[in-house]
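Read the single chain below, which is given as structure tokens and is the form predicted on its own.
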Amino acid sequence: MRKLLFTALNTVVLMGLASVAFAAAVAPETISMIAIATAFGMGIAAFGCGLGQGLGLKAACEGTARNPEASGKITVILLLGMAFIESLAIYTLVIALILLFANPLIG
């Protein structure tokens, strides 16, 4: 139930922000709304990535505490997972910078 609610909330937020991104007229309020949307997007991405990294580190620590002999394999998998999670935040940052400084949607 929680996953369905989270998915529905994300859909509503993205649909609401899409109208700002696809606005045809270029006005100062449109540019400020794009800035607000990119700030919210980066904040949500940072929150989600931080949460994912925290849960991954928690699971790795628990796994190492239960089986100390497997700490090498757990560390490798943890670092690989952390890199994938961090890349999601970097992709969000790149998209936010594109929308702010080189917006292809504004004529």
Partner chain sequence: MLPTTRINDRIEAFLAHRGFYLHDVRILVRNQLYLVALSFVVSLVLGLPSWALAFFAGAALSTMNFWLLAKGLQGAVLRSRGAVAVTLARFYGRMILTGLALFGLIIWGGFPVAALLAGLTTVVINILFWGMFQFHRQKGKEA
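This structure is a prediction, so every number in the text was calculated from the model and none was measured. Positions refer to the first chain, counted from 1.
Beyond the structure shown, there is the form predicted together with the partner chain, which is absent from this document and is the topic of what follows.
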Every residue of 32, 37 and 59 near the partner chain in the predicted complex, heavy atom within 4.5 Å: no
Contact of residue 76 with the partner chain in the predicted complex (heavy atom, 4.5 Å): yes
Contact flag, residue 45 vs the partner chain in the predicted complex, heavy atom cut 4.5 Å: no
Contact flag, residue 51 vs the partner chain in the predicted complex, heavy atom cut 4.5 Å: no
Residue 80, heavy atom within 4.5 angstroms of the partner chain in the predicted complex: yes
Contacts with the partner chain in the predicted complex, stretch 80-95 (heavy atom within 4.5 Å): 80, 82, 83, 84, 86, 87, 90, 91, 93, 94
